[in-house]
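Take a look at this single chain in structure tokens; it is the form predicted alone.
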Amino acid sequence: MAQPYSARSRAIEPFHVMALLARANELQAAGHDVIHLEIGEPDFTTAEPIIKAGQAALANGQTRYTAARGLPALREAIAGFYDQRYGVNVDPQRILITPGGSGALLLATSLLVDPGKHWLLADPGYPCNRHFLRLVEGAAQLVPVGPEVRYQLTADLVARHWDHDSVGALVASPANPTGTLLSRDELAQLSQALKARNGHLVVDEIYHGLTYGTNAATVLEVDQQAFVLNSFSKYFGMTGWRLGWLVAPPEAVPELEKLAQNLYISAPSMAQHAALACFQPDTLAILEERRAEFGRRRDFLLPALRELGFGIAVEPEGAFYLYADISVFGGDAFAFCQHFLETEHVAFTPGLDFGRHQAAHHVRFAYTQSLPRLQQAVERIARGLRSWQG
């Protein structure tokens, strides 16, 4: 008999929502009208100027490998975006283009985490963060967080949970699944807490651009030594193009470039050429209108769910999620999600996918459907609550 698969592979958990998604697709194939609020993907297709740029790249034969760090023109465009949007000077040499935000996370964990060492992560949080740490033989030290700290790590929590195996902390602003932000001052306090312990601060800014009524601060405003993960998937709407970036301190770039050369050679070349169009004024105008639409959806769904009894203690300021407490309804989150999928054909995500802290009592809604579809979803959820409680 062959040897069993690796311990690291067995330790990485699947997305629980994928079982629900598979069932949702079965129901849909059988002719049922399923409203998908489970997957964190914008419902808008990639903006037309970006598509045209990608098509032109193909027509011009721009299909070969790029440098491991990415197209110089794209790194310069991203640096210009930091200057325009945040007033922050970022040397393009510090930017590495990666295959999605996941590629940036892979580089950061590979560089910064030795076997047995760990990062502090907020619980709840995006599950792949802890799984990537396990992949490089490190670990995630999950720190339970709730509405009292807006589901975010704080400098005080870092001080309380730091131990001899801690080497850093990963925070997200806006966060998945809660949509909460870290202010400029909070980022500065986290930076100071990590520096005092010779630790690395890594900030997931993948949902930057998707904020409502406020603008997110980048950690680079307060700490040029921080590592920043970002992506073209969310605000720029390029999910399937698999493109992201990492901003790193200058001294880390040679090591990161070496890792990139070995791990994936380069990010997709066609996607990189297409992404050059992201920063054009006509593209940004389209993206800003989409941001406004996400804001309208949030402003409808948040009070509608609260009125039905869902506990949403903190108003999300970014991303496109609502993280809701279902304790008042009883039962566990996975069974709750199954009930609404089977009876009302509305799919949303159980909290089990985002950690352990009170996960069985929470669900996540993604408002990545049109307002009419969200209105239908609320009507169905209201009806489904009666049958759940009946």
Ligand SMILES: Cc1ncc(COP(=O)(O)O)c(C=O)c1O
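One-based numbering along the sequence shown. If you're wondering where the values come from, they're calculated on a predicted model, not measured in any experiment.
Another form, the form predicted together with this ligand, is not on view; read the next lines as being about it.
Among 265-273, 99-107, 115-123, 84-92, the region lying within 4.5 Å of this ligand in the predicted complex by heavy atom distance: That would be 99-107.
Triplet S191, Q225 and A248 all within 4.5 Å of this ligand in the predicted complex via a heavy atom: So, no: the whole triplet misses this ligand.
Option touching this ligand, based on a heavy atom within 4.5 Å in the predicted complex, out of T218, T180, S233, T283: By the 4.5 Å heavy-atom cutoff, the listed residue in contact is S233.
This ligand contact at Q152 in the predicted complex, heavy atom, 4.5 Å: No.
Partner contact for I206 in the predicted complex: this ligand, 4.5 angstroms, heavy atom: Yes, I206 lies within 4.5 Å of this ligand in the predicted complex.
Partner contact for T211 in the predicted complex: this ligand, 4.5 angstroms, heavy atom: Contact check for T211: no, nothing within 4.5 Å of this ligand in the predicted complex.
Exercise: R242 in contact with this ligand in the predicted complex, heavy atom 4.5 Å: Although this ligand is absent here, R242 would touch it in the predicted complex, with heavy atoms inside 4.5 Å.
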